[in-house]
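Shown below, as structure tokens, is a lone chain in the form predicted alone; questions about how it binds or moves come after it.
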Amino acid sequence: MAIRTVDCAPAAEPALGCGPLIGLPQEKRPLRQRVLEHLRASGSASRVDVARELAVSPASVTAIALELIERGLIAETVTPRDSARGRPPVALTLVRGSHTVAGIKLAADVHTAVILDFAGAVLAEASIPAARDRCTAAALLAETEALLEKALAEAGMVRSALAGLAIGMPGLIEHERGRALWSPLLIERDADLAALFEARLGLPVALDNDANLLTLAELWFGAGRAMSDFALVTIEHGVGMGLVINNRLFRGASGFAMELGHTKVALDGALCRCGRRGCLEAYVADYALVREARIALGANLDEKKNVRILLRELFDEAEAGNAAARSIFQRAGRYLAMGLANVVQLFDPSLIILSGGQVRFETLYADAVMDEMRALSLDTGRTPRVEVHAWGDMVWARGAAALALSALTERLVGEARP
């Protein structure tokens, strides 16, 4: 079973739109919201095309278009015509440069930020180094504020121009209440981060698990745009997973679903950073690989170096033929195959996307690993397609910005609007 690697560096300007191309269940959203989201996803469309795609009358689309134009959310544009006869066709598009939002990814080594306009175009990107150790919520807020100001300066904007902010971070994040029950970045537990950040930044703030936001990035900007169901597995400082079912991000009854990294693969096994033993990420995540490397190659590793540098050195050792280094990746690959086989058996996705910083280490995603995943799965004659997506660090923040755009759209044209 061959694995496909895809370079997913996205364009700053979404020429063909952004957002899911397959609509959500239509009865749950007002028509004006469906019209606006369709225009964002398609980039532009005529009134007739919108009516046909949404299976509604042209008159209904015309009335809603007038409302959205008056509110400055969409605009009319003249498109080229095939001949000189007749009136030029008129399309509807979202207004660019307005209703801007920011997305931020907080991580153990580098924090990243992206600012998008209402149509999904990137206006600015920024990053800053993260604190090396766990910190207080107040310290994390200070880092977040510094990063946001840097991104705003890059965009030539002031904070009051933003309509919203979304933040992604690792850990058990309760999206609905905006709380971090546990995160490897924080000293505190059950921290009311969204309220704390809103009070300091003066903006509506949404909080979510970072793997969910990477999944949103695929759903809004990547391979998931035209797919109703897919799974994403990310391996960096931890192991995360996101799942899209019927074109919607699945969070579970309490909001903590898809914690693949904390599924158990060994009783009384290796110690995970969550405090329990035998978790998948305790064998696959970057800290697990470095821990193994310090045991096998301790004399050759400088503990003061950045984890990413240490992992690159470990991979180079494996590529150069160091048997101990190679065995570390091979062992991690077998555990990864076990985790992926469990995903296949539980959800039967048509596509599994592997993403995150570890995609640089080809040994972990070798064809042999994918073959073992297939061997550990029931033989149904059908296996999911597996792709490695090499987005880069900014994609996480872009997924956070997609969450902020979604929340803003709901506030502006959703059912909650008076």
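Note that the structure is a prediction, hence the values are computed from the model and not measured. Note that residue numbering follows the sequence shown and begins at 1.
Another form exists, predicted in complex with a further copy of the same chain; not displayed. Remarks below refer to it.
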Every residue of R132, T136 and V388 near a further copy of the same chain in the predicted complex, heavy atom within 4.5 Å: no
Location of a further copy of the same chain contact in the predicted complex, chosen stretch of 340-348, 317-325, 231-239, 197-205 [non-hydrogen atom, 4.5 Å]: 340-348
Contact residue in the predicted complex, chosen from L94, L260, L106, V284 - any heavy atom within 4.5 Å of a further copy of the same chain: L260
Exercise: E125 in contact with a further copy of the same chain in the predicted complex, heavy atom 4.5 Å: no
E70, heavy atom within 4.5 angstroms of a further copy of the same chain in the predicted complex: no
Contact flag, L376 vs a further copy of the same chain in the predicted complex, heavy atom cut 4.5 Å: yes
Partner proximity in the predicted complex: T380 to a further copy of the same chain, non-hydrogen atom cutoff 4.5 Å: yes
Members of 210-237 lying within 4.5 angstroms of a further copy of the same chain, judged by heavy atom, in the predicted complex: none
